[in-house]
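Listed next as structure tokens is one chain, alone, in the form predicted alone.
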């Protein structure tokens, strides 16, 4: 008798997801491990995350074909080298009170005969996974977010690749910035955590780094840029996280409203800073928002390796009945932590330690 496992990716895409799925499948279907584990598996990929689980009709063949993908070693053979997610993803909150789809999802999980569900997601998506667990679904979480803001783990899939992309893009911007003697304001993602801007800025040698955990003084930014110019620097790069804000002001939102999880739509702080710099300094200023470029590209070597470790660990957790928990990297070791604990707070930059 085989244990049927469902796997899905939810929330934003990023490099490393496909690697986790690849190794989850390879590990689950390894025949040499059957005598040791005492169990065999079938792996069912769920298309477009929780949206697919909510909209599929398990009693209709066309719907099953549309929203599921049976996975085996041949299908996932090359997945680990690709970015994004081959299963597709979506940003929906099944527990949104305005259009609650959680009951339908739970019914479909039962109708599909899934005995375990692996959710590859970030803070919001794993929050959904934990709620499903409390409703009786046997859930395992794999941490995935370029923001690296999940607590109880030192790493989340996608972060290293995103930092590499930021570094490469700023290296490119240096060429045109130096050629034209310009100031470039570069905006990164990260939501309420400044890890992307901080580590991307450190790696690329940005002149100024602005993060959400420490409100900045616009006058001080101008002063530092003037010092750079006076020192003979032809250009300056200011790297700012999308949720960073000037002292005494609210965060800048690129558009009104919130998503289904209640999060504001962030973005635009780089444009605000560029405008302020133009008012107070001579010379050209350019604003670049990296946005979804940070999610693209192939996974770095580190994300491929971490995807491997996280995918294998998820299967081990299923074998050991470690449900309601998330794969974690702590003190260099792969382990599991309760989803509840991982979701109690965000993992933010400790400014005192950085300084």
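For clarity, every value in this text was computed on a predicted model and none was experimentally measured. Numbering follows the first chain given and starts at 1.
Not on display, but discussed next: the form predicted together with a small molecule.
Not displayed here, the small molecule is kept clear of residue 119 by more than 4.5 Å at the level of heavy atoms in the predicted bound form. A residue is said to contact a partner when one of its heavy atoms sits within 4.5 Å of a partner heavy atom; residue 146 meets this definition for the small molecule in the predicted bound form. Using a 4.5 angstroms threshold between heavy atoms, residue 238 stays clear of the small molecule in the predicted bound form. Within 4.5 Å of some heavy atom of the small molecule in the predicted bound form lies at least one heavy atom of residue 242. Contact with the small molecule in the predicted bound form, judged as any non-hydrogen atom within 4.5 angstroms, is confined among 279 to 287, 185 to 193, 199 to 207, 129 to 137 to 185 to 193. With the partner omitted from this view, the residue of 65, 330, 57, 292 that lies near the small molecule in the predicted bound form is 292 [heavy atom within 4.5 Å].
With the partner omitted from this view, the residue of 214, 174, 86, 91 that lies near the small molecule in the predicted bound form is 91 [heavy atom within 4.5 Å].
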